[in-house]
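Below you will find one chain, with nothing else, as structure tokens; this is the form predicted alone, and questions on how it binds or moves follow later.
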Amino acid sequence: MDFTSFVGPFVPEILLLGGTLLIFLLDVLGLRRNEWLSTVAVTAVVLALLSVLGDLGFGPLSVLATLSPGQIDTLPAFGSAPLYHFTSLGLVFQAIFLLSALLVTLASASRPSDEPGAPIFYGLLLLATLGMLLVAVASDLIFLLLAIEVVSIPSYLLVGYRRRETRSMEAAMKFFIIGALSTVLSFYGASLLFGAYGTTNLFLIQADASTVGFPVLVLLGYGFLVAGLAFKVTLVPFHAWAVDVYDGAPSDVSAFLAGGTKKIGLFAFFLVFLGPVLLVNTAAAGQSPFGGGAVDLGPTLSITLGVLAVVTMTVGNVLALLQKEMKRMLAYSSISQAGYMLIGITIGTAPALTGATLQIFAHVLMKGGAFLVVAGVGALGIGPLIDDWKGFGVRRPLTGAAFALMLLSLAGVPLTVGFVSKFILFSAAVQAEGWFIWLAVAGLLNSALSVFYYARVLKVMYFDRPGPLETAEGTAAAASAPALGAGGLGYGRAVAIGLAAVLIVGVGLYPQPVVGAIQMAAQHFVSAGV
């Protein structure tokens, strides 16, 4: 393999690395204006996104492809152990990761020109995104976990990059401690699997699933991996850190955590469990995972993940109902959404994987966009409580309408991408029959439950009127804010919020291009098993 053939497939990663180095160089040279740094970051992300869309074959962008058709969804030679492997589903996730980064970098362009810490923010953001792209091509457990750490370490620093804000520093420390625990559990699980299989390569683990010599090590290894990755995905009972971190972090960073970095854990679940375990049935009926020379953990893990999905949906929605602060409500809502996404992995069919992936795509727009709205209106003088949003939809009709669309889509209202993703996901659960039907029932009941707290926010925004004191305070705060244009949000933030809202409705009305690409990728992934 020559240098060109090795570097070519990694053009998106190289673009992000180049953008990061350029931002740090500008910092060293003293060129720290937010406009310059955000331009570099947005350009790097856009070019990387166009390259990935070209590899996926989206219309005229196919001329930008850096991967040949023979490099995508092609199984490696029997017995080989590649560290990375290009799949169409991995490319879909790369596009999702880059979309999340694009929304955040666009919105951050509206920050004040002389804001301290801007080079650190953009540099860390691009580094974390680079790690996310590496996660999407991993085919070895160690490579996967190291790529996750490339995402996690910049994420810890992003939460606390405003070093003078006590709440942000506290959130960063909590995030770091929980993240370190998650890393230890994941690597320990991988080491146990190495002891059982003699390899950490996902292809070889799948091929040797029927000849494992130590079934107990397999059981414990996957158990530790479930726990370690569950922290990343915010599955109950591994979720408690997320609310404090999302609440304490700057809202733009919260948008990136909820809409972007959280999704690496879900893709890791796809790789680790959907391929090597849930799609492999190697033991005789009734074979115990504690004895014999073969082990079939598919049914055990399927039930375990199903229970985690239902508990996560329910706990997240119930606790969201009790919240009085907007960011904490959105944080608990984000936890509940992880439960819906886990349904696809639990079922393990191509339609279910399609629904789960579309739900992940929708969540980037819905929850990432919602946190960006919260960040924007916070600069206008609106407080953290839900009651502080009284009359917001009337006073700021465009921003209010975009936020309302995001909440309605989160609730699964028709004509939005959230409805399409849940419809495909729950339909797949019904088609799978058996006890999977109860997952669809649990999802529908939880979707109905979520309507109550989303509707409460809409009621406050459109039907409650602020008192005289609240109106005066809001006006004074807005008057003291810098003139950013686009209704006080700033043009970059307005474009990011508008883009998310348009995609929510556009994909909801005409989902076929996105659903078709995801469906084809899911079918390839299921047929290959990894």
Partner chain sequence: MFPVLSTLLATLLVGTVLTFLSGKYARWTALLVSFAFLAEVGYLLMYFPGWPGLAGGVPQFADSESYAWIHLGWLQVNYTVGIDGISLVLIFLTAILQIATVVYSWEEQKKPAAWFGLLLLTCLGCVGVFVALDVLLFFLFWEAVLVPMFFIIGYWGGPRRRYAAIKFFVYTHVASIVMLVGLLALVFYSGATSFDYSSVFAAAPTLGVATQAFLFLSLFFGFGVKFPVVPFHTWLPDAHVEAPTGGSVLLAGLLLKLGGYGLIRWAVFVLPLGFHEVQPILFVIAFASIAWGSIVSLAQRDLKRLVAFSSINHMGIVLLAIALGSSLGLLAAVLLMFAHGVVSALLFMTAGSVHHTYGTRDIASIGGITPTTPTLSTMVMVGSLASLGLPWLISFPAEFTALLATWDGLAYWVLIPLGILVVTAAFYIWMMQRMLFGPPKGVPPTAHDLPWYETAGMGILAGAAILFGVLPFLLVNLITNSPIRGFAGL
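Numbering follows the first chain given and starts at 1. As the structure is a computational prediction, the values presented were derived from the model and not from experiment.
Beyond the structure shown, there is the form predicted together with its partner chain, which is absent from this document and is the topic of what follows.
Note on contacts: among 398, 385, 75, 394, the single residue with a heavy atom within 4.5 Å of its partner chain in the predicted complex is 394.
Only one of the listed residues (91, 343, 402, 424) places a non-hydrogen atom within 4.5 angstroms of its partner chain in the predicted complex, and that residue is 424. The stretch from 105 to 113, 262 to 270, 443 to 451, 373 to 381 that comes within 4.5 Å of its partner chain in the predicted complex, counting heavy atoms only, is 443 to 451. Within 4.5 Å of some heavy atom of its partner chain in the predicted complex lies at least one heavy atom of residue 515. Its partner chain is not shown here, and in the predicted complex it never comes within 4.5 Å of any heavy atom of residue 491. Contact annotation: residue 25 falls outside 4.5 Å of its partner chain in the predicted complex, judged by heavy atom distances. Contact check for residue 511: a heavy atom falls within 4.5 Å of its partner chain in the predicted complex. No residue of the trio 46, 51 and 87 has any heavy atom within 4.5 Å of its partner chain in the predicted complex. Contacts between 93 to 108 and its partner chain, taken as any heavy atom within 4.5 Å in the predicted complex, involve no residue at all.
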